[in-house]
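What follows is one chain in structure tokens, specifically the form predicted on its own.
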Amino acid sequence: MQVQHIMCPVCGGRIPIEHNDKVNRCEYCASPVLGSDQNRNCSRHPDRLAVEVCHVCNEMFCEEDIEYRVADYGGKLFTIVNCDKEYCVDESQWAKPLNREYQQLVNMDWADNIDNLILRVTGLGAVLMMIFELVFVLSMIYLQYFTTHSANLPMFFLPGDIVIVLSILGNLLSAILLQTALQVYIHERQLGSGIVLLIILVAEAAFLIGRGLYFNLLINPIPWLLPLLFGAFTFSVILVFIGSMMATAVGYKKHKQFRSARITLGLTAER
């Protein structure tokens, strides 16, 4: 018998409908999809229309028999539902019970568009910084072994050893920069990530400028190399700086919203 497939209404994934009389789950986002012949009434109260599907047992229940919980995935909150059976409650302990009033007060839908913009700007800047590091390494290797500028490149023991060591440090800093840039998308980490990103950016910029001077790039024999590196470096720094400033501003606004919600509900003492 050929299995029927439909598109998930949530993520658009392809879902095989294996049971026409039971709930089918999307393998991509775990959203429930009802079978065409499935009874839509509550499993415990047959005279009531079900409103949710338990994410553990996949049975359908009315409002009286379910509990909503909030889970964190990648810094974004989503809601899961479990019924009141002991096994299903135990399997849902990893998520926190939903406080509807608190969720309404800390609703961050207003920030979705700006968060996406911040992530794109900071992420692009950090990726370009890593590409800059790769180009810089290749340039230094070329200067070291294929030009007369090798006499101006310092070394410890072997030709090119300092180039390798400082290039590794530069790539490490750019990797940390990229990892921090990805954290600006997380609501409760956005403020801290924006501030840390600024600090790392300053450290990265100081390191790269100092490394360039140490390698005597001002007198390198390739006339277009320094403008190219400086232009790419400046563009990357500007993108990350703008993104980090935006993340700090939006993160501070979110921080105040979270704090205000906790104070309103008596979840923390106002100072």
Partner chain sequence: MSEEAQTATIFDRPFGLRMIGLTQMTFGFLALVAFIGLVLAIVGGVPGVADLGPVYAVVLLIGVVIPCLVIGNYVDDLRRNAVVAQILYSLFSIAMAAIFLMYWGIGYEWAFPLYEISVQVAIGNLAVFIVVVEAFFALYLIVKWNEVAPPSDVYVERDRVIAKQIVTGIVPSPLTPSLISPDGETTLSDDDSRRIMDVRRVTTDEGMAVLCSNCGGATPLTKVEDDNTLVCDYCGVRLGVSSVFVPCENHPEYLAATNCDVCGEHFCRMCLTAQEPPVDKRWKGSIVHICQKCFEGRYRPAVTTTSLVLPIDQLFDKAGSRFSRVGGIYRKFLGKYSAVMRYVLEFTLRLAASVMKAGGKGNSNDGAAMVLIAVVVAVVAIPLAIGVVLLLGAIVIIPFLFYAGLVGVTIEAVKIISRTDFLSLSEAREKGIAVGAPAKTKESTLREDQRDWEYRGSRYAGERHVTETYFRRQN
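What we label the rigid core is the largest C-alpha set whose atoms superpose within 1.5 Å from one form to the other. Please read these numbers as outputs of a predicted model, since none were measured by experiment. Numbering follows the first chain given and starts at 1.
Keep in mind the form predicted in complex with its partner chain is missing from the figure; the text below concerns it.
Taking 4.5 angstroms as the heavy atom distance cut-off, pick the stretch from 241-249, 228-236, 204-212, 23-31 that is near its partner chain in the predicted bound form. Only one stretch passes the 4.5 Å heavy-atom test: 23-31.
With the partner left out here, check for me: in the predicted bound form, does some heavy atom of Q144 sit within 4.5 Å of its partner chain? Output for Q144 is no: heavy atoms all beyond 4.5 Å of its partner chain.
Could you confirm whether K85 comes within 4.5 Å of its partner chain in the predicted bound form, counting heavy atoms only? No.
Taking the shortest heavy atom distance, is E91 within 4.5 Å of its partner chain in the predicted bound form? Result yes; E91 sits at the interface with its partner chain in the predicted bound form.
Contact with its partner chain in the predicted bound form for L218, defined as at least one heavy atom pair within 4.5 Å: yes or no? So L218 does not count as contacting its partner chain.
May I ask whether V106, G123 and I176 each come within 4.5 Å of its partner chain in the predicted bound form, counting any non-hydrogen atom? Per the other structure, all of V106, G123 and I176 touch its partner chain.
Even though the chain is shown alone, can you say which residues of 114-129 have a heavy atom within 4.5 Å of its partner chain in the predicted bound form? The stretch 114-129, when checked against its partner chain in the predicted bound form, contributes D115, N116, L119, R120, G123, L124, V127 at the 4.5 Å heavy-atom cut-off.
Superposing on the rigid core, is the CA of G35 displaced by 2 Å or more between this form and the one not shown? Yes.
C-alpha of C88 off by 2 Å or more between this form and the one not shown on rigid core: Indeed, C88 is displaced by 2 Å or more.
Using the rigid core as the reference frame, would you say C26 shifts its C-alpha by 2 Å or more between this form and the one not shown? Moves: yes, 2 Å or greater.
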